[in-house]
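In structure tokens, one chain follows: the form predicted on its own.
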């Protein structure tokens, strides 16, 4: 997708859900001007997580990642807007919270990489793949946001 219709997959991991910071993450994406077009609180089964993280299956941390992600509910979301993938990665900041910029999500709420509370698409192509893993056709809503003219030129 191009322009302000680009979509990103963002997931608050179980530790972020348990810590009660889902609303703060949603708030940051909304305040930036992005449009929420899908959201689900989901106890992710292992097979879904294995499909989602298939590119990491040969990494030594993979078993711990799957165990952590299946330990509780995940809030899976699709956000839409101009450069939402790139900007979303900036809002999340570095995978290692110690390297994150002050004020960014992982910089504020995280200490260790293994508990970095949130996943975000790394590219438009990975976003589409991840959206298709987590959401069925028709579950991503298309609508006109009444604030669009106040956000985009």
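Positions refer to the first chain, counted from 1. A quick note: this is a predicted structure, and the numbers were derived from the prediction, not measured.
We do not show the form predicted in complex with ligand UDP, though everything after this point is about it.
Transferring ligand UDP from its position in the predicted complex by superimposing the C-alphas around the site leaves no ligand atom within 2.4 angstroms of any backbone or C-beta atom here, which marks the site as open. At a distance of at most 4.5 angstroms from ligand UDP in the predicted complex, all three residues 106, 114 and 122 contribute at least one non-hydrogen atom. In summary, among the residues 56, 90, 98, 46, the only one with a non-hydrogen atom within 4.5 Å of ligand UDP in the predicted complex is 56. Only one of 24-32, 37-45, 80-88, 61-69 lies within 4.5 Å of ligand UDP in the predicted complex by heavy atoms, and it is 61-69. Shown without its partner, the chain has 13 as the single residue in segment 11-25 with a non-hydrogen atom within 4.5 angstroms of ligand UDP in the predicted complex.
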